[in-house]
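Encoded as structure tokens, the following chain is the form predicted on its own, with no partner shown.
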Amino acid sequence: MASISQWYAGKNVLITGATGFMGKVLVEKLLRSCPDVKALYILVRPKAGQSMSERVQDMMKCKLFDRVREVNPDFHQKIIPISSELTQPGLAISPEDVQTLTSCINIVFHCAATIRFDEPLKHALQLNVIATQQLLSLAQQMQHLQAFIHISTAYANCNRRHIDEVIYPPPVEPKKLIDSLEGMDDSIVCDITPRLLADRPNTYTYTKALAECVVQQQSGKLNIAIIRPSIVGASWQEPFPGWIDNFNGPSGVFIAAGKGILRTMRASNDAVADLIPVDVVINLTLAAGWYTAVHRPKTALVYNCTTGGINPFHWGEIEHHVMSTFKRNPLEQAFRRPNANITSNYLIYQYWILVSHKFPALIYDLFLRLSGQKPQMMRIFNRLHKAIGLLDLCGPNSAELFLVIFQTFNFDVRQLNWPEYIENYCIGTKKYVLNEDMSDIPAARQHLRKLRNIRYTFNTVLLVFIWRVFIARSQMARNIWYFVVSLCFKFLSYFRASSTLTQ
């Protein structure tokens, strides 16, 4: 059996979403582990004032490609950008580029999608479903295509308690829904969206389920595989531990906690946090591409790429390791010292929101107003609360992965050491997302000590204020206070006496 790297030798690969988080890792892995791949065609659109070529040049300058750059400084010559726009008919690919792609592409990796949970339904349909339909239509014209690999999500069927590696019936026939919404006013679509979603939490999971159906409909004409990752996080091993380049998903939560902004979350400490490292997803994706092309399955293959059923790790454990890592390696200019409370109780959660989020935000915004600056902290907290609310997904109880271990393409998550991974993840957010220098850690620790002293001072002033306003003016309150203090002294005296006797 030929190795995966050998199979990709001489192949022309088409990648959508190549400038995104997973797409960049896929491009890097192909260039590094399959050095004889012929060319990588990537669909790119102009964005934020940057041309297509400028976006690709910025991507290739990324630290992610350092290992490839050392071995092959001219790796960029294998990357061929194709101008495209997923929201336009025919993906806005020029006739000349269509002819090029249909005559040479051997395998397609469809990674592009909108991952915003609160995306308006019509826009989510356009990006996640209609664009997939159009790419499949283009793939059918490719004369040498051997495999079409679609990146879905483990949460596409989060309304089910158990998710096997099969494609489930869609909530509605995709074509009927698209035709029905085509001429409908956006306000009307917004009104009927909750009823359409039914038991799914957002438009992201809803449209990804529809996209799986669209892909399945072409499984008789193309060799197809679907990869379903859970919550994709920083790299585990490749190209180096902890690489991450965005605030999406847990990364933003980790940074907010490390900055001392996020102090509480409503979650169960015992709930499984189904994180999956991005390099595991990409290794499985490339292995699935090889397997699909070689075995030419009659029906679409499905791979659930998750950790919860094989190597579970819980949110309470993640909270502990995130806090301990950021206390050892603090982020610069933290708002408060890192400290988070996870609770599943709604009332306790609302209490901590008030005490640890809104009250400090109001005080800080008042300080900004008095100093002539624009208040911003309450706005930041409101955005943070919205983002955390959107992360409240149902977790799938996934079937075990089809595990075949390859030396170069390892995706056996049973080998994943969670404490080490979470530490590397947190340090990765500091180094690669916030671009903070590790040599500045002593100054960051000094800043945390300053914040600690401010907290102690504030608590002391607050205690004196409470005493003067409430306790000093009431005989009953003073009696209760003296009683509590005397109990504390008695407990300390007993503890010291016991310690002396033991010695």
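One rule holds for the numbers: they count along the sequence shown, beginning at 1. As the structure is a computational prediction, the values presented were derived from the model and not from experiment.
Absent from the display: the form predicted together with a small molecule. The rest refers to it.
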Problem set entry | Interface segment, criterion being heavy atoms within 4.5 Å of the small molecule in the model of the complex, picked from 327 to 335, 215 to 223, 159 to 167, 144 to 152 | 144 to 152
For this session: With the small molecule left out of view, choose which of 29, 69, 55, 447 has a non-hydrogen atom within 4.5 angstroms of it in the model of the complex.
Result: 55
Exercise. Of 229, 289, 308, 277, which one comes within 4.5 Å of the small molecule in the model of the complex, counting heavy atoms only?
Worked result: 229
Exercise. Non-hydrogen atoms within 4.5 angstroms of the small molecule in the model of the complex: do 19, 22 and 86 all have one?
Worked result: yes
Problem set entry | Residue contact check: residue 139 to the small molecule in the model of the complex, 4.5 Å heavy atom | no
Exercise. Are any of the heavy atoms in residue 115 no more than 4.5 Å from a heavy atom of the small molecule in the model of the complex?
Worked result: yes
Exercise. Even though the small molecule is not shown here, does residue 124 get within 4.5 Å of it in the model of the complex, heavy atoms only?
Worked result: no
Exercise. Can any non-hydrogen atom of residue 204 be found within 4.5 angstroms of the small molecule in the model of the complex?
Worked result: yes
